[in-house]
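Just one chain follows, in the form predicted on its own, and it is written as structure tokens.
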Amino acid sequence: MQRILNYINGQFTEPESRAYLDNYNPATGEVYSLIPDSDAADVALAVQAAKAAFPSWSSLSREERSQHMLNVAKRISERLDELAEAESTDNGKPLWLAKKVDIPRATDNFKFFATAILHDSSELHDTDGLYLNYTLRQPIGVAGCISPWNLPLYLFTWKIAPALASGNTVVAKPSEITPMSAYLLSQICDEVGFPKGVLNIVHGLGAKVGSAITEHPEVPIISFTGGTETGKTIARTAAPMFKKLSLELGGKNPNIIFDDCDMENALKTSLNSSFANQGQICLCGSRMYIQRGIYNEFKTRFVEEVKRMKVGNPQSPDVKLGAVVSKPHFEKILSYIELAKEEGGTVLCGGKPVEAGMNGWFIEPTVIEGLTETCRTNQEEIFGPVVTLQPFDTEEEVLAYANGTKYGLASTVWTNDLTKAHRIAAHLHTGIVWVNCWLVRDLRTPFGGVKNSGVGREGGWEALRFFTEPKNVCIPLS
């Protein structure tokens, strides 16, 4: 059985404990590889390597750092099929989705930040002709990057790339549930001769490896994507140590559909925004609000289309939903469906496990109506193929519904009234608003949420600013 290894100081290493964890294929429910059960000792070695590599890496010209990163991007593209296969096996997502979206986006992340750093600039202020104040933006040191299991390589590179482009070295922890594509990335770094110690990848449990990265006194900057409760734990540790912190956390995103919308487009896109990646994307629209004038028609057509969605073998090109990521997550999602029934909800379709003939963790796409806005099903993040439907009458009413959770990551608005679109977007308490579209991502734009959905922003100049420290230099002119 294959054993994944840590990647520390340019070397593939076993964990110091020599202990390993089982890695499951969600579609079969079987262990197919082993991953290092690393701990603070492995993190200490990785930080030591990253710290030693920092002076040389941060001293390289931007063109040299860019070229190293472009070499990685090129090799990711060349190994696309292998990486997509690994991601589908590890995560349970459809293979076509990994090929079409996840792995190409990982390539784009490296390309974007490798080239963006070439065009980075800073500020100069002429103070009444008496002084010049200019800003230096300098790399900070060893960056700790901790990424989730839902979009493994996509989000892993989303953190690593801007950290490296800015001149930092990195100690990174991929999710222990989906480690394989990060392991293949370490192979790619080895293949292209990426400088030793600049990128270190340590596998293992969040409670061991993630905590050790967060607690390490020589890791001054932490970027984390994952659950809100874990984010709270990281903040409690990092804040007293005065670490720079970026937290991209949970979501309970509203999808608002007005009766003047383009119904065909809203239907088609809402199917995707509800159930893409088995609903395991922090940006999925899990609460659907439909204006009463079109509620019955939209509901009927939406449910009919959901019933047609094929669930099964992730390797099959006609499958829309693969397996959910793990048995505990499978059980969590099913428990929320039962909770919704207890809270008075009616399951319009789905709601049950799927026997896909593979012994894995498959769930039917599920649509529920009849719930109150304040019930747990509508307030808590389920992170699975489950959406709720609710009618509304007025803008004021739907804004109260949409903003009525502790989360504020993303939202979607469907209307052909441009003035209304701007008005609603301005009053939604979310970091992202999509109007008549969903999941359109320009890498130059800021990404992140408000309230319990996180702190800080990723993407574009926001990311490059996060991974640097500004220093003002004042020069007298006389």
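The structure displayed is predicted, hence computed values, not measured ones. Sequential numbering from 1, following the sequence displayed.
One more form of this protein exists, namely the form predicted together with a small molecule; it is left out here, but the text below deals with it.
Colleague: With the partner removed from view, which of 211-219, 136-144, 70-78, 192-200 is the stretch that lies within 4.5 Å of the small molecule in the predicted bound form, judged by heavy atom distances?
Modeller: The contacting stretch here is 211-219.
Colleague: Honest question, do Ala207, Thr230 and Cys282 all end up within 4.5 Å of the small molecule in the predicted bound form by heavy atom distance?
Modeller: Each of the three qualifies.
Colleague: Within 4.5 Å, heavy atoms only: does Pro365 come near the small molecule in the predicted bound form?
Modeller: No, no contact at 4.5 Å.
Colleague: Though only this chain appears here, would Glu87 touch the small molecule in the predicted bound form if you measure heavy atom gaps against 4.5 Å?
Modeller: No.
Colleague: With a cut-off of 4.5 Å between heavy atoms, is Glu176 one of the residues that contacts the small molecule in the predicted bound form?
Modeller: The answer is yes: Glu176 has a heavy atom within 4.5 Å of the small molecule.
Colleague: Using heavy atoms and a 4.5 Å limit, would one call Glu369 a contact residue for the small molecule in the predicted bound form?
Modeller: Contact with the small molecule, no.
Colleague: Between Gly167, Pro148, Gly351, Gly345, only one gets a heavy atom within 4.5 angstroms of the small molecule in the predicted bound form; which residue is that?
Modeller: Only one option qualifies, and that one is Pro148.
Colleague: State the residue from Leu321, Ala402, Leu155, Ile103 whose non-hydrogen atoms include one within 4.5 Å of the small molecule in the predicted bound form.
Modeller: Contact check passes for Leu155.
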